[in-house]
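Shown below, as structure tokens, is a lone chain in the form predicted on its own; questions about how it binds or moves come after it.
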């Protein structure tokens, strides 16, 4: 069998070791995965550990939350901008529509917190990451301390923003 790619024959002796590891052209990803798992089973290699074996820690949860708030904020802003372009009417019309729903203060406060907390958390945790970029705060006690400070300040700034609105 000869493996070729744009006129280069990898079966020739001058290519030595290359032809033994070349993948035949035209194989599918499924065939490659089957070949990969068959080789690993034959060599009795262990499977990589999954998320279930890790003990969840506060820095791990904060990292996941930071990524989630970033995706949520960018998605929310993009959706808001798209709706502002596509929907008929103007901003005061939709603001009056929301006021006419007569939602209770508890639900309104929860909605405000749902907007304020991700914004304040992502901003404050981003500042924490900027300190890390300068090489400060990498000792484990400092990581936990700065994490608790970010969480506390995020809650406090969110509550302050809600009470101001």
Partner chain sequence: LSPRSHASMEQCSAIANAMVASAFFTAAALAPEPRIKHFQIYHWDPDTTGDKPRICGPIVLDALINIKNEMDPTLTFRHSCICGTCAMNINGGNTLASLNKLDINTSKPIKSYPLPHMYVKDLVPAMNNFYAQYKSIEPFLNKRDESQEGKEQYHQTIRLAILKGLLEHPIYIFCACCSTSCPSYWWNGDQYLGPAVLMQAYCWLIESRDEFTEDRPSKDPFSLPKKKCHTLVFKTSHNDSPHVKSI
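Only the largest set of C-alpha atoms that superpose within 1.5 Å between the two forms is called the rigid core. Quick caveat: nothing in here was measured; it's all calculated off a predicted structure. Residue numbers count along the first chain shown, from 1.
From this point on, the text means the form predicted together with the partner chain, which you will not see here.
Within 4.5 Å of any heavy atom of the partner chain in the predicted complex lies no heavy atom of residue 113.
Remark: residue 98 does not count among the residues lining the partner chain in the predicted complex, judged by a heavy atom distance of 4.5 Å or less.
In the predicted complex, the partner chain sits within 4.5 Å of a heavy atom of residue 27. For residue 127, no non-hydrogen atom is located within 4.5 Å of the partner chain in the predicted complex, even though that partner is not displayed.
For the stretch 132 to 162, the set of residues having any non-hydrogen atom within 4.5 angstroms of the partner chain in the predicted complex comprises 132, 133, 135, 138, 140, 143, 144, in sequence order.
Core-superposed comparison between this form and the one not shown: CA of residue 57 displaced by less than 2 Å. With a cut-off of 2 Å and the rigid core superposed, residue 33 has a Cα displacement that reaches or exceeds the cut-off between this form and the one not shown.
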